[in-house]
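A single chain comes next, written as structure tokens; it is the form predicted alone.
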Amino acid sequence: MLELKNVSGGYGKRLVISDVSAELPKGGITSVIGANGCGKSTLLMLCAGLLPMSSGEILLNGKDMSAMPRNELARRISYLGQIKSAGSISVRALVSHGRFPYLGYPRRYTAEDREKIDEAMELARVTDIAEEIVGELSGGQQQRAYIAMTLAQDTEILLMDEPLTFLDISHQLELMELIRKLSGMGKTIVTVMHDLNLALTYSDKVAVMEKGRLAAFDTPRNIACTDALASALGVKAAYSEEAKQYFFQRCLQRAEE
């Protein structure tokens, strides 16, 4: 479980996140939503240990994350950011980078590493373009290649900043089903989302950010019944009867699992 306690931080002297506290459910899907510039990406980077906190603490399974060696942290938390530089390497080589936290120097891949790489490419559906140059692919294909790299890291916590970027609707839904599958395998997923419908449909918890603060943190159903979305995004949300039935069936499915 990832627990934030009164976390504040940002970039140098510029404070972006202020006094955020939340317990992100183990094996659950948490979507972070909010207007542009509200601190969503900064929050994810703080959770990944990529930015220093000005105050507060983040606990990973009860252990202070700031005290963990970088290599151990990279084996437990993976992070997929918005800004990427594809370069002129193959998809397979890019996905292989996800195994770096497990390798010594010089880097020699074991049979287990190669198996994890193949599994990640299959899950992200990039096996057929494994030898293609990443920089020559479409935006959607590149995004799936980076998702495969993140999956190859095989961590218990995945932090993904707008993973649906460049994906068409079919691949968006496919990725959300993959995220649900990973959650079912016990992985904790935290993702920044702009698609409110998908966030409310697939998430176990929704974090609504407003001006660097956590305005609300609750189940999708409860979030939709509050004024948090109207305040943060200027929109109202409500569940249709079809959506209510979907969530009922989903709860039954999870209970059976």
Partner chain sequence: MKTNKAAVFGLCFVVLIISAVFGVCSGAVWISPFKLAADAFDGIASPDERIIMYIRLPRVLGAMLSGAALAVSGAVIQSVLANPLAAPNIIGVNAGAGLLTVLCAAFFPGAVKLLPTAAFLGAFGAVMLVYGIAKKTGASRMTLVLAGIGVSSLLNAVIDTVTTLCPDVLAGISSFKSGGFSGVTVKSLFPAWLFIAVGIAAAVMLSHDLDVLALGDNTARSLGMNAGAVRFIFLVIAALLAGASVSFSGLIGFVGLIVPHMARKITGTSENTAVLPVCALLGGAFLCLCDTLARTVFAPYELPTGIVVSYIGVPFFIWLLIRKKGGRHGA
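Keep in mind it's a predicted model, so treat the numbers as computed, not measured. Residue numbers count along the first chain shown, from 1.
Absent from the display: the form predicted in complex with the partner chain. The rest refers to it.
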{"property": "79, 93 and 97 each touching the partner chain in the model of the complex (heavy atom, 4.5 Å)", "result": "yes"}
{"property": "Listed range touching the partner chain, judged in the model of the complex by heavy atoms within 4.5 Å, from 128 to 136, 114 to 122, 180 to 188, 164 to 172", "result": "128 to 136"}
{"property": "Heavy atom of residue 63 within 4.5 Å of the partner chain in the model of the complex", "result": "no"}
{"property": "4.5 angstroms heavy atom contact with the partner chain in the model of the complex for residue 70", "result": "yes"}
{"property": "Residue 49: touches the partner chain in the model of the complex, heavy atom cutoff 4.5 angstroms", "result": "yes"}
{"property": "Exercise: residue 59 in contact with the partner chain in the model of the complex, heavy atom 4.5 Å", "result": "no"}
{"property": "Heavy atom within 4.5 Å of the partner chain in the model of the complex - residue from 232, 216, 45, 224", "result": "45"}
{"property": "Within 4.5 Å of the partner chain in the model of the complex: residues from 95 to 109 (heavy atom criterion)", "result": "97, 98, 100, 101, 103, 105, 107, 109"}
